[in-house]
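In structure tokens, one chain follows: the form predicted on its own.
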């Protein structure tokens, strides 16, 4: 019965909740801009790692090159989307 219990998923879910509340603490505690951005960046990176490792099982395949290429491609698309949004909405281009 122990092998049927999704222990890794529960640990990932609890970890995600803890990281979400850590990020929310930036708003609740009204910290400075620099400290808030550092907390948000760190929690976002850890959250992404938790999601990739525990829920998307990125480390469980033998074909690591394709997984990392797809991950880097998705990261690049995200960066282009963010920069494009900033160009259009903030900088007025």
Partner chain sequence: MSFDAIFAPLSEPMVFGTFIGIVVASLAVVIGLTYFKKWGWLYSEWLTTVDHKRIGVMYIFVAIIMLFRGGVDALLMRAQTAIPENGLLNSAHYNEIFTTHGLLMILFVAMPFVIGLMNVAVPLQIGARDVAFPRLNLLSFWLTVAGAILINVSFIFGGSPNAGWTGYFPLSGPEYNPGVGNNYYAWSIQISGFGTLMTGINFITTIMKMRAPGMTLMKMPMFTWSILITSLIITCAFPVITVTMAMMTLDRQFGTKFFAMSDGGMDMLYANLFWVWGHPEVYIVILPAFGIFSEVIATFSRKNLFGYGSMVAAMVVISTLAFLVWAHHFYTMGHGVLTNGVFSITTMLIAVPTGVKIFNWLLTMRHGKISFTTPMLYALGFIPIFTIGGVTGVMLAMASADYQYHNTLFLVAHFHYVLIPGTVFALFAGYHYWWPLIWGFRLNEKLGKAAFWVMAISFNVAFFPMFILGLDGYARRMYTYSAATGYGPLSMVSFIGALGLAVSFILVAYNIYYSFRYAKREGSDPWDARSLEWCVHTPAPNYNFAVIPTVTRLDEFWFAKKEGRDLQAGKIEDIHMPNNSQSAFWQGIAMTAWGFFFVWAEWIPAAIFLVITLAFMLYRSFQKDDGYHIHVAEIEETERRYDENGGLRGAK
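Everything numeric in this text was worked out from a predicted model, so none of it was measured. The term rigid core refers to the maximal set of C-alpha atoms that superpose within 1.5 Å between the two forms. Positions refer to the first chain, counted from 1.
Below, we refer to the form predicted in complex with its partner chain, which is not included among the displayed structures.
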property	result
Residue 14 within 4.5 Å of its partner chain in the predicted bound form, heavy atoms	no
is_contact(residue 10, its partner chain) in the predicted bound form, heavy atom dist at most 4.5 Å	no
Contact of residue 5 with its partner chain in the predicted bound form (heavy atom, 4.5 Å)	no
In the predicted bound form, residue 20 touching its partner chain (heavy atom, 4.5 Å)	no
Within 56-93, the residues that have a heavy atom no more than 4.5 Å from its partner chain in the predicted bound form	63, 66, 73, 74, 77, 80, 81, 84, 85, 87, 88, 89, 92, 93
C-alpha of residue 21 moved at least 2 Å between this form and the one not shown on rigid core	no
